[in-house]
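One chain follows as structure tokens, the form predicted on its own.
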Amino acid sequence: MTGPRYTPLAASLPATVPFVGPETQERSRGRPFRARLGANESLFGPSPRALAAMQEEARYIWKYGDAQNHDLRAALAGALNVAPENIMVGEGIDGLLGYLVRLLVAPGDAVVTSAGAYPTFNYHVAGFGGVLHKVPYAGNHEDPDALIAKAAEVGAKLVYLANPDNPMGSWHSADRVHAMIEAVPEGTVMVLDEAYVEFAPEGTAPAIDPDDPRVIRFRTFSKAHGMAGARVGYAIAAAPLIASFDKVRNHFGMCRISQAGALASLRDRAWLDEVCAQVAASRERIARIARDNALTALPSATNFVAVDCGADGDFARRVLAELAERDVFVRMPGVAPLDRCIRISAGPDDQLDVLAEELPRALAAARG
């Protein structure tokens, strides 16, 4: 009797989980976290209109969702002043990144990213046999010049940039991103991850011709819209590339409840503005908590703050572990020198009260 006959590529891959979820940690700990400040979710929740729309749509859950995401694509196109043919909706940015890599990256193809940048992108590249080339950050920022130079050197199929950046919260101006797009080598597609763009200062998101074949940008309803559990992301790109997703995507991958919630949320601009204001206030409070503990909060254009613990990665990992012991869930970058920081998601005061109470104790324990 034989078992599954894996492909050589699949057989060569380790079992990998890019992020260990808080629920997994809670099960292993045997108790819940008091403060959930590590997953960059919106602790301020979704639009009440989105909740109402999802509750109403639940009556029709016996139906598959619209395979074309027609209404949501049309609404997004109107909001972004592009054609619906320039929009693809999918199961969060993570799902869409997987489809993109499947479309463009064959075994052995080169892909360029930053050392310490979003690990799920790397996971997809490895899963399809691509060869990752990583360049270091320049200070607390991804380095567009180094990314482009490496892409040209290795003949990359894709070059990835998150703006604003995860995990550091830094950002580049629209002009800087536009200059990077202009420098993209022939045959390379730039992957512009804008998951946090709603939180960023004016002038962060560049104006890009939606039919420019050199770039595909990704956005999500998981962050500012507060719908991480609904798994709704979208891509904006030239129509031929968007159409190519139909070759590989799960056509019925979108839940109709999620589609209804995203459409209602998109129409509730007042709620989005309110959430962004609450996130800005929360970032300021996290910075104050950091200062009160002689730590440095880095400037952030996201719904989290990277806090420099003032030493090396080993010390920051001890701080992280001590916070977890005190029922505070946060995360940290995985690569030096970024790993001198811990990353704290914005949240309401009751969550940050727990952080303010426990951080001094965690630091004291980490220092021994």
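Since this is a predicted model, take the numbers as computed values, not measurements. The first residue of the shown sequence is 1; numbering continues from there.
One more form of this protein, predicted in complex with a further copy of the same chain, exists but is not displayed; see below.
Partner contact region in the predicted bound form: 102 to 110, out of 139 to 147, 169 to 177, 102 to 110, 200 to 208, criterion any non-hydrogen atom within 4.5 Å of a further copy of the same chain.
The contact with a further copy of the same chain in the predicted bound form, taken as any heavy atom within 4.5 Å, belongs to M227 out of V275, M227, A290, A260. Proximity of E91 to a further copy of the same chain in the predicted bound form: non-hydrogen atoms within 4.5 Å are present. When a further copy of the same chain is considered in the predicted bound form, D268 lies well away from it, no heavy atom lying within 4.5 Å. The shortest heavy atom separation between D350 and a further copy of the same chain in the predicted bound form exceeds 4.5 Å. Contact annotation for P333: none of its heavy atoms lies within 4.5 Å of a further copy of the same chain in the predicted bound form. Shown here without a further copy of the same chain, the chain has R36, A39, E41, S42, L43, G45, P46, L51, M54, Q55, A58, R59 in 29 to 59 lying with a heavy atom within 4.5 Å of that partner in the predicted bound form.
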